[in-house]
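Here we start with a single chain on its own, the form predicted on its own, put down as structure tokens.
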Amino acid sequence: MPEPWANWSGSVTCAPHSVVRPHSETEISSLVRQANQTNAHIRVAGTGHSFVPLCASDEILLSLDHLQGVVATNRDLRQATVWAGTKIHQLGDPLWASGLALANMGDIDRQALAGAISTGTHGTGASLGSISTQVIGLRIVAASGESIDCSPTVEPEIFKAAQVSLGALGIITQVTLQLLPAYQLHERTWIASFDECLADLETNINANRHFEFFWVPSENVCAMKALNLAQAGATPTLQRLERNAQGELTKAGFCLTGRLPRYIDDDRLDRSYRIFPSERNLKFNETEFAVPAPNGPDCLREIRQLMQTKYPAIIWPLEYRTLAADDIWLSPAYQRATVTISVHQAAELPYQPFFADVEAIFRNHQGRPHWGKIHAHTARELSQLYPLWDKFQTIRTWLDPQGMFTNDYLRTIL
């Protein structure tokens, strides 16, 4: 019997009766056809960076670890086709060698590309979208075992559904990305009081390609971070890693355990894919919602007040980021400029009452939950948050009429 599977934080475990690691799309198609004959269910697991049971399966768990790497690049069109099991951190060097780079990345780069796309993983930047918005083509093995290519011009409705699909339409095998010429980023970090941060919030969002901040409860200050394009030919600076007084490893002055390091005013310059990610040395659980951008500051104030009055012992910071509106059917940023607010708790500590109270605030601000992070929304509630929910369900039923690519959790939310 295969060993039990657990996600990164330990919040999800399962005991699949088989774990398969195909080496080709042909093997995937054969496996799917066999599953059809036995009415088996299949879920795909990447690196387990979702905090909810999206990947959990007591039947067949499929890994794309043998389907990794860049298939082809086109420098003139600034495009690359990549195997879907490729981890995001594995893309930087080969794309750079071809003179290319992702337009935006999240602050974790350990995820498999297919998982990041399927959950709408994102970074920050008011003019920039999630990783899914950089996708211009997908190849998917449907429940029939057939491979389907989709793009804005080929099977466009399947494509819009598949850009954020929770893995419910089929098994993504290849991804084609629209990229940028390789570029460097300059990172600046600094400290501001909470009032200063909010007073300057719109200015900082509009003045920087990427802006985000962490409100640190134990210090009641905000750790600010801005990224901007560096001048061509600028010399990279060394990455600064230090341990704070508690011995926790920090990067660029950030410590996500709720304590600030000895310094935080810092500047770094390097290739974009080296600047985007942050260190995640301690494990945590997380909830995150996307709210309309105008609601962001008030929503943040209410969560801060909740933490100061009801949960003063929780020291993990809140993260505040921005996202441009997009046209992806199940994207949390669908048709609205968006602020995302992330709330954390140490993986070994209870989070349920705290996250439930935070979610109540998000609901009052029309928040859409991040698909890979903890929430209590069901299909009934989610269907009211997404105008094209029924169109997604139509495509899903067409591609997977028997629900091969579902599990108990997906049946609850879809």
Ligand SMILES: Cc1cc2nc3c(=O)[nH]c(=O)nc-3n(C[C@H](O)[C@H](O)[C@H](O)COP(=O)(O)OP(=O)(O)OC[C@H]3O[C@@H](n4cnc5c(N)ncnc54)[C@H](O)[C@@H]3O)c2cc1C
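Values in this document were obtained by computation on a predicted structure and should not be read as measured data. We number the residues from 1 along the sequence you see.
Although not depicted, the form predicted together with the named molecule is the subject of the following passage.
At the 4.5 Å threshold, heavy atoms of His210 stay clear of the named molecule in the model of the complex, well away from it. At a distance threshold of 4.5 angstroms between non-hydrogen atoms, Gly106 is in contact with the named molecule in the model of the complex. Taking the partner from the other structure, the named molecule in the model of the complex has a heavy atom within 4.5 Å of a heavy atom of Phe51.
Although the partner is absent here, Gly115 sits close enough that one of its heavy atoms falls within 4.5 Å of the named molecule in the model of the complex.
Site residues Gly137, Ala142 and Gln163 are none of them in contact with the named molecule in the model of the complex, judged by any heavy atom within 4.5 Å. For the named molecule in the model of the complex, the listed stretch (219-227, 171-179, 266-274, 150-158) containing residues with heavy atoms inside 4.5 Å is 171-179. In summary, among the residues Val339, Ala84, Ala101, Leu185, the only one with a non-hydrogen atom within 4.5 Å of the named molecule in the model of the complex is Ala84. Site annotation in the model of the complex: the residue of Phe284, Tyr334, Trp96, Tyr311 reaching within 4.5 Å of the named molecule with a heavy atom is Phe284.
Of the residues in 367-395, those that come within 4.5 Å of the named molecule in the model of the complex through at least one heavy atom are, in sequence order, His370, Gly372, Lys373.
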